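Okay, here we've got a single chain as structure tokens, the form predicted on its own, with questions on binding and movement later.
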């Protein structure tokens, strides 16, 4: 019997399911069952089919950063020899492995295997390789070539497709049981449907006023990361969509207690240690974050049972697109969500984002005549953020948006 029901709000469903996912992992570990650590946009369909409890270090690191208990793990990783300019998620995770202890209800059990897909960044390769080395556990890799051209090439798709078939063989050896292709098709359908439900709900930000704040979307993102292969995930997003449609009908704004005067696109990962501050500064200026790359990031659609289409979906997602592809994606987002300004988070942890943002920002300003501001921050390390700088930059952006509006 499901632990959620239609009488609950989507927020209640979200909280219950995220907590259940972690509790299931702790129970699985206690019973001697396999636990997998996975990157956020890896093919969870395979571990779900094999009944392996899968949890996500990136999501967990974001939770620790938001709860402001990340510094001890960051500093421990640095004492181990990891430079403080590599990914904050990685440093939290690699520090946590040594300092693992009871963290009340958010203990994160150590893995028996790790799964990564490097379609979001290359840091994952060394990060997960070091996890596997330190814990002496299997490392499963889906290596995705970067798409340098405007289209995902046939060679890239075929290369990834072959790895998906090999992943089945590797899991059969690890689990010592055959891979159930019928169940796999069922899981693929659930995951694909859930991705569609996620996109349909979050794309309602295009309404004016937007019924959803992008900062609320950051919270719902935990579910599409952690439970994309489970039916309850889709149930939650369908409920969220219904709630947002009701707000649209009533003309309600996602900025609780404030009027939506400006609509901005947020480019980059959230600044989790200062999530509240970054939100409130925008809210106080009447600026709602309606545009983001996150709705499309998990919109992985394919025909259940078709590994070629699945390989194409995982190969052609946002972070793995060329500079032109990523710029075009942002242009489309700005148009669809009716943004009149852009905030770019120059995230010290994420070189993948930072190295492209200057060129992307330049093109957006020139071709769309849209004001852009940047601020220095970090997705996990609180030492790399200045409240005063952020406030000054947002104030300047609002002034530019008001001038353009006149």
Partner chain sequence: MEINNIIDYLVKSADFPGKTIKESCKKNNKEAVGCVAPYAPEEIVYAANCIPVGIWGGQVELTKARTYLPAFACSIMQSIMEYEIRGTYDFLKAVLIPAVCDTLKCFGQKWKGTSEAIPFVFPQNREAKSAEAFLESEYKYIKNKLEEILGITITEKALQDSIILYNDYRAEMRKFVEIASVHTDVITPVIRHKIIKSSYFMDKKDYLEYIKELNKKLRLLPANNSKNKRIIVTGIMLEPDGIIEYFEKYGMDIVGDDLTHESRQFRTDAPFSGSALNSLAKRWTNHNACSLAFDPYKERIQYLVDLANHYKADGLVIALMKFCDPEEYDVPLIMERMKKENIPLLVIEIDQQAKSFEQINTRLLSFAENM
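Residue numbers count along the first chain shown, from 1. Bear in mind the structure is a predicted one, so any value in this text is a computation, not a measurement.
From this point on, the text means the form predicted together with the partner chain, which you will not see here.
Counting only non-hydrogen atoms and a 4.5 angstroms cut-off, does residue 250 reach the partner chain in the predicted bound form?
The answer is no: residue 250 has no heavy atom within 4.5 Å of the partner chain.
If we define contact as a non-hydrogen atom of the residue within 4.5 angstroms of the partner, is residue 166 a contact of the partner chain in the predicted bound form?
Yes.
Should residue 156 be classed as touching the partner chain in the predicted bound form when contacts are defined as heavy atoms within 4.5 Å?
Looking in the predicted bound form, residue contacts with the partner chain include residue 156, since a heavy atom lies within 4.5 Å.
Tell me, yes or no, whether residue 55 is in contact with the partner chain in the predicted bound form, where a contact means a heavy atom of each within 4.5 Å.
Close contact is absent here: in the predicted bound form, residue 55 is far from the partner chain, nothing within 4.5 Å, heavy atoms only.
Residues 122, 323 and 352 are flagged as a possible site; in the predicted bound form, is every one of them within 4.5 Å of the partner chain by some non-hydrogen atom?
Every residue of the spot touches the partner chain in the predicted bound form.
Heavy atoms within 4.5 Å of the partner chain in the predicted bound form: which stretch in 262 to 270, 171 to 179, 131 to 139, 222 to 230 meets that?
Only one stretch passes the 4.5 Å heavy-atom test: 131 to 139.
The single option of 151, 85, 246, 332 touching the partner chain in the predicted bound form, heavy atom within 4.5 Å
None of the others qualify; the residue that does is 85.
Using a 4.5 Å heavy atom cut-off, which residue among 212, 191, 240, 116 comes into contact with the partner chain in the predicted bound form?
The residue from 212, 191, 240, 116 that makes the contact is 116.
Which residues in 347 to 365 have a heavy atom within 4.5 Å of the partner chain in the predicted bound form?
347, 348, 351, 352, 354, 355, 356, 358, 359 sit within 4.5 Å of the partner.
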